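Below sits a lone chain in structure tokens, taken as the form predicted alone.
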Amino acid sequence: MIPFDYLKPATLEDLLEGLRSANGEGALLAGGTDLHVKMRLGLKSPRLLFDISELAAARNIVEAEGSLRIGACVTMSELMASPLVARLAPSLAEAARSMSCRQIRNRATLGGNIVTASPAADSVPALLAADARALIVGPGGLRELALAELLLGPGRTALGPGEVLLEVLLPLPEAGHRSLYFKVGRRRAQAISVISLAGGLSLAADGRIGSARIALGAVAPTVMRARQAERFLEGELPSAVNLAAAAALAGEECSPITDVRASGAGRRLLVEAWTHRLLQQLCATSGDDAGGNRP
């Protein structure tokens, strides 16, 4: 491993100035669960390492301005323990619970899980199903971007030079909104997803589906929304025929690869089956229920 300098900026301004001075040779350290591995393997060799794990501007979980605002340096364990997250984004709490083991959850951060840009990132389906937005800070100041637009492909994001993911903003759910998260792996714990999925749904007074969100992980170059299935459901009654048809559309929309965990064809079948289960439970459970891991 190539030697590096370690810095711990006290403020956001110090961090941005440090990144500017590093001239592209710096890296951010929050939980480090991904970065440490890449540095040991020689895949990353930063000249400067900026420890942002205690940066106050990225450590909050608050309800403000019509959003649940979660700092990028909040750990998965902190997401699981937060009453606000449990009440306003239960599927995100369940996604955090599904990640690896307790030791990793104590270190891994929400921001790190996002900007690693893995198609199998545990938290991202729940965030996309909640229409989350990214608050980014950099040399040009603050900007917001839909989370789906931040993720460009495996390991690739829309963050520019010197830019940092600061917060994730989730719109507050409307009354009666229901959300669920499922992770399907080859074992019950410490597994990378074969597929993962999250959904959000609200029912109108006449029993029809008012809004539907379905996000799928590990079945495309990025975590994706099953938008054809969503459009099909909105305004329809949650009948058995409609739910099955939407699940089939979700299976058709994804573009999974074959790897050591599953074949592409197998993943399509899993997407259809688990989306059907997701929709059935969303239409039958109360709004404060959350899904869980499945072998």
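Heads up: residue numbers just count along the shown sequence, starting at 1. Since this is a predicted model, take the numbers as computed values, not measurements.
One more form of this protein should be noted, the form predicted together with a small molecule, which is absent from this view; the next part is about it.
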Considering the small molecule in the predicted complex, which of L201, A72, L79, A132 comes within 4.5 Å of it through any heavy atom?
-> A72
If you check L151, A108, V168, L128 against the small molecule in the predicted complex, which one has a heavy atom within 4.5 Å?
-> A108
Candidate stretches 85 to 93, 138 to 146, 212 to 220, 115 to 123 - the one whose heavy atoms come within 4.5 Å of the small molecule in the predicted complex | 115 to 123
Contact test, all of E17, A22 and G24, partner the small molecule in the predicted complex, heavy atom 4.5 Å = no
Report whether the minimum heavy atom distance between A191 and the small molecule in the predicted complex is within 4.5 Å.
-> yes
Would you please decide whether V37 lies within 4.5 angstroms of the small molecule in the predicted complex, comparing each non-hydrogen atom pair?
-> yes
Residue contact check: M224 to the small molecule in the predicted complex, 4.5 Å heavy atom = no
Though only this chain appears here, would K44 touch the small molecule in the predicted complex if you measure heavy atom gaps against 4.5 Å?
-> yes
